[in-house]
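Only one chain is given next, in structure tokens, and it is the form predicted on its own.
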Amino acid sequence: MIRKRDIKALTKIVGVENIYSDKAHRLAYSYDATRTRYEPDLVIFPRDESDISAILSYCNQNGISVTPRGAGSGFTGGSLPAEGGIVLAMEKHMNRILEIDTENMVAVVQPAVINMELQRAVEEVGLFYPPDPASEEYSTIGGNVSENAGGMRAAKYGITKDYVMALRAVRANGDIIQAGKRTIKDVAGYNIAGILTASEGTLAILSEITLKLIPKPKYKRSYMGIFPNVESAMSAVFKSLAKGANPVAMEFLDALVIEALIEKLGVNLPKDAGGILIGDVDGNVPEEIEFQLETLRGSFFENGAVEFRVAEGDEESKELWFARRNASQSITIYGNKKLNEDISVPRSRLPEALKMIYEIGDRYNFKIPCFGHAGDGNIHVNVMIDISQIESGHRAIEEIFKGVVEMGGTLSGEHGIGTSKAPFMDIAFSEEELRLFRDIKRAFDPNNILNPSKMGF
């Protein structure tokens, strides 16, 4: 419980205009995309790194929990104050792009910079920041790093961790640390930046992020492959990549999603399609684009595709992508509550994984429409239920997690663990591995004030 003397001490650090305990602020910072609610006792807007250091030093000495927050757009409760205390909201002050270094191709940003704002800024100088989560228009770079966000371009360009070069961060006791360098090679010391990436704010609070950039490709084309069933589509994914295709994105929609898009949004797709793959290819010369498209075309037809479309311009590209970008909102026709998971498996196990998911859905009598990032093996699994079926829905998810782990997969490809998936951590990790996680947590945060109750710790 926050005491009056705590509020007085923290107000002295940040100023009265940056600390709030009123009901409106506590409600506004109590939820994320999960719609689960945990009210904080205080909302504080730090002005800079020194504010974060002073706040954490005080909270560590007085046993007050601190939850960092960017845009609050996460799907697993990672930014929710599960044990009350303070929400450290970054968006008001710590939202600047500090540097774009065109010679070394790096960007230095504060944690509340919006992903798409960074993309646009670097593209103006001919550079490219590839990680593109679906929330790119509003999610923050700090949140992306904390959750190791992915996106549609991950098939070719990787995910957030592949672009994190260095971090400045504040430990629970207020110590400010620099993890990593802006050099391409750095093997001096432990990879602390790697440990902090995907740590969901449980180990330290990020205050500055240095990211790798790459040259922006000159050309891009979009494609769509239509298949009679999802098994053929999934087989085409890993077989196309094995033949030399290197698409920027390779997204998929299953038959349930296709049906929902047609019924709810009137999307022009074949009603008998069992699976669709949608994506982009890019490159610096037209010949590279044509090679990629021909490789995909040939492999798709070899694996049972009935049609292969290539967009001839931006408008046709938008039409192809409309189906994928509206998949999530369309599937509400199957239930009034969606249990949204984002499992990941080796690409060659995609046909098997989807077969297993549909069998579980049949057993529980649930519709489980699936879509997502087939190019990197990341499936968005949507268990559609009525609210009265919530317990059965969670049992179905547990079965899915167990099956995925047996295939060499994982509980989450990009959404993180937070509070939502914490109960399932022992499915994916041995007791020895969980003990190591707890040891790392204690080393960074011995008093457990940083984002407690996340990832099961």
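Here the structure is a predicted model, which is why all the values come from computation and not from measurement. Residue numbers run from 1 along the displayed sequence.
Unshown form predicted together with a further copy of the same chain; subsequent notes refer to it.
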With a 4.5 Å heavy atom cut-off to a further copy of the same chain in the model of the complex, the contacting stretch among 326-334, 85-93, 273-281, 168-176 is 168-176
Flag D186 as yes or no: does it have a non-hydrogen atom within 4.5 angstroms of any non-hydrogen atom of a further copy of the same chain in the model of the complex?
yes
Contact of N104 with a further copy of the same chain in the model of the complex (heavy atom, 4.5 Å)
yes
Contact of N191 with a further copy of the same chain in the model of the complex (heavy atom, 4.5 Å):
yes
Taking heavy atoms and a 4.5 Å cut-off, does P215 contact a further copy of the same chain in the model of the complex?
yes
Checked A28, A33, M425, A54 for heavy atoms within 4.5 Å of a further copy of the same chain in the model of the complex; positive is M425
Considering a further copy of the same chain in the model of the complex, which of K367, K338, R297, R347 comes within 4.5 Å of it through any heavy atom?
R347
Assess the spot marked by E208, I390 and P452: is a further copy of the same chain within 4.5 Å of a heavy atom from every one of these residues in the model of the complex?
no
Suppose contact means any heavy atom within 4.5 Å; which members of 278-314 contact a further copy of the same chain in the model of the complex?
N284, V285, E287, E288, F291, Q292
